[in-house]
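Have a look below at one chain only, the form predicted alone, in structure tokens format.
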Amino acid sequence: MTLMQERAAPEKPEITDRASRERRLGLMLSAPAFVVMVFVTAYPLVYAVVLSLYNYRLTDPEGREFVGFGNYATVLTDPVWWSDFGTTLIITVASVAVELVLGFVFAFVMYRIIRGRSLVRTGILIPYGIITVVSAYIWRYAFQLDSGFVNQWFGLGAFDFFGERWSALFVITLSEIWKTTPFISLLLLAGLVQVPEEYQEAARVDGATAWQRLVRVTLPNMKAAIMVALLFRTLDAWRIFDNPFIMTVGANDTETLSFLAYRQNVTLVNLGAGSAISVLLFLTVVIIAVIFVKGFKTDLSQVRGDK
């Protein structure tokens, strides 16, 4: 065989009649829900895009004026957008990075523990079961200057955590980490279970240390699960709204992009600029998703355990 000769492409497995029938049945069963979801999600998105092209305030419905991409230009040249973008980026990067590390620790604990496994898993997952708004109020109460107990416990005196930008961002990020680390640990536990134990045994026989087994055996086989965990959590953190809204109401440069969209749409009833912000927020979410999927270059079928 010469170098110019092409290699024969691997034959694709034939789809049996039974698999074909099951596929058609699955499409038929999921079609109604798919249509409803498309209508529920697509219509608001399209309507938001249309509104973003107009200078439109609810206080002046007759003054609606088509401005094209003028709202986008106004938003992207406004320092408030970039300030809120930076705040959102800080919270997202800090919270997701810490959650990934803690999620691995909790996942290994839940995977390795034998006695009291159900109790340990329940204890780890409790924060995730608390409603986000309730969790935000709990953290605000704990760190408040007057009624909070954190200052008293740690001897901080009359330190106002919500009076400064960085201390407020610290509390917001800490509350995010506490609330959603169990979610990442669940996804990582699902990936950890799929790592063949034979690979670990072979590595032990070859004399690999625990760190080498983690880096060369466990993590490569969990790549798909790690990607899904990071993707879901990053997209969720990027749209953070509840914690800044309840704890600081956006004061001291703690406003996020979702908060900015809320303020324009609800508080200022500026539907044109608010819709433009919402569309830009949606586009950033899509960009983040594409970066993760393309960057990891992972077959998502591995998450389902497909062969």
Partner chain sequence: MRSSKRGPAALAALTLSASLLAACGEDGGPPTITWYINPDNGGQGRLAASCAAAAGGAYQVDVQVLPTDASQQREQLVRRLAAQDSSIDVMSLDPPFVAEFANAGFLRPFDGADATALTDGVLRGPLATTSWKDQLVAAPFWANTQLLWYRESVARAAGIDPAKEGFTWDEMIAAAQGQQKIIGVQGKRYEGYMVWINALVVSAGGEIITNTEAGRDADPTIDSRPGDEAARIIGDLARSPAAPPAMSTASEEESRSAFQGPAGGFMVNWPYVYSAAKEDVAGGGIDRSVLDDIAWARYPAVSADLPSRPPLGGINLAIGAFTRYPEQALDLVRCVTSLENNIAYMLDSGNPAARGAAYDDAKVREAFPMADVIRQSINDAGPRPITPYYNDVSTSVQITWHPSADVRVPESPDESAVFMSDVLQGRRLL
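As the structure is a prediction and not an experimental result, all values here were calculated from the model. Numbering follows the first chain given and starts at 1.
Heads up, the form predicted together with its partner chain isn't pictured, but that's what we're talking about next.
Interface residue among 243, 254, 264, 278 relative to its partner chain in the predicted complex, by the heavy atom within 4.5 Å criterion: 264.
Though its partner chain is absent from this view, in the predicted complex it lies within 4.5 Å of a heavy atom of just one residue from 26, 61, 32, 68, which is 61. Though the partner is left out of this view, residue 38 does not reach within 4.5 Å of its partner chain in the predicted complex, counting heavy atoms only. Put simply, residue 46 is far from its partner chain in the predicted complex: not one heavy atom of it is within 4.5 Å.
In the predicted complex, at least one heavy atom of residue 273 sits within 4.5 Å of its partner chain. Within this chain, residue 187 is remote from the site of its partner chain in the predicted complex, having no heavy atom within 4.5 Å.
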